[in-house]
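One chain comes next, on its own, written out as structure tokens in the form predicted alone.
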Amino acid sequence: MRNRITLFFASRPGIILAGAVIGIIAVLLQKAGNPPNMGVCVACFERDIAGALGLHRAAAVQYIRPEIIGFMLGSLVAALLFREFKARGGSAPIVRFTLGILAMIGALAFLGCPWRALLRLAGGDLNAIVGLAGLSAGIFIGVLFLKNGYTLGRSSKTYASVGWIMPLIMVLLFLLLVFRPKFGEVGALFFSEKGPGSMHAPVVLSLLGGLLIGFLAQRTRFCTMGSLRDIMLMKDFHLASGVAALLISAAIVNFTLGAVRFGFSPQPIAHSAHVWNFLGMALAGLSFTLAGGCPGRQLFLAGEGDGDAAIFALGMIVGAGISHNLNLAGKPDGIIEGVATTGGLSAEGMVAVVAGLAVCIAIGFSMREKW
């Protein structure tokens, strides 16, 4: 029975089912209270967690998102059931941590991870096309490095406790969310009273949705970055079929619910500064490729015991704090007194994105086994 399930999820119908379920869950979570076009966004939700823990003080984006907890614990359950939990690590952890920071800077410049880019497009936000083009460009550059010998080195088997640390941190975060202790007069935890952080589906629904997504993604190896990488490297469309299913299913449910609004501006929690949408996602895509997976995939890998993926995820959370504390994150378009205003990046954010691309390129050139 276990082998049959494994074979199904390794098949084309299996990955399509997983992508479709992710798309449907994401839109239903939006309907249940999550921000518009943000039913599931790993970068945005890790940013909210960073805010809840006091790593940044942007009051509008502070909340412990149960979906992130569910992603990792769902992956853990799948890995344990199918005997794939393997504690491992030691593959250039400081580089992975740095790539996590840079990936978050790029994603928050765009205002979303690859999953949210797809959900934004499914909701009619045409800025997502620019972001996806930037993502593809970043992945393409990363693939060139891969073809020329780039590697972070092999991870190695290690103590089981290493693989359990991140899942246990997720359990702790869930307890903090449920009981909401207050650590002193000015201490964490922080929860938004307005803005995207105040918008969330019921905790139980969010957790269950995250658990199901984590389980399916672990079994199918679902990865948005990996889908484009595989096409560019091997002309393999297996993962891409799951990503397409996510987009199509989300679009269908959005149309059914009347939640589609085509255009560039104003779109929910998005900006139409196209150059920085493109470059921000290019930075994110390059960082994901050099690190070996998109932010969702990194969480799923951490759930099955990969300490290196856990380091990348922690880097993204720290990167969220840096982005908001240093005014690097993108500002959404808006309407002030009936006049549309264009958001985008501050001068500091622009410098950070360009510098991040330079750092990634330096990493790509310097970590090659062949020249």
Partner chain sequence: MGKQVDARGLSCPQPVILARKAISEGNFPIEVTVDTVTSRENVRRMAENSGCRVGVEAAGDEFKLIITQ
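On a predicted model such as this, the values are computed, not experimentally measured, just so you know. Positions refer to the first chain, counted from 1.
In what follows, reference is made to the form predicted together with its partner chain, a form of this protein that is not presented.
Asks: Counting only non-hydrogen atoms, choose the one of 229-237, 119-127, 245-253, 277-285 that falls within 4.5 Å of its partner chain in the predicted bound form.
Replies: Only one stretch passes the 4.5 Å heavy-atom test: 229-237.
Asks: Looking at 261, 194, 180, 157 here, can you tell me which has any non-hydrogen atom within 4.5 angstroms of its partner chain in the predicted bound form?
Replies: After the contact test, the surviving option is 157.
Asks: Taking its partner chain as it sits in the predicted bound form, is residue 6 in contact with it (heavy atom to heavy atom, 4.5 Å or less)?
Replies: Because a heavy atom of residue 6 falls inside 4.5 Å of its partner chain in the predicted bound form, the answer is yes.
Asks: Contact with its partner chain in the predicted bound form for residue 271, defined as at least one heavy atom pair within 4.5 Å: yes or no?
Replies: Outside the cut-off, so no.
Asks: Would residue 163 count as a contact of its partner chain in the predicted bound form, using a 4.5 angstroms cut-off between non-hydrogen atoms?
Replies: No, residue 163 is distant from the partner.
Asks: Check residue 140 for me: does it contact its partner chain in the predicted bound form (non-hydrogen atoms, 4.5 angstroms)?
Replies: Residue 140: no, not in contact with its partner chain in the predicted bound form.
Asks: Would you mind checking 10-47 for residues with a heavy atom within 4.5 Å of its partner chain in the predicted bound form?
Replies: Contacting residue: only 10.
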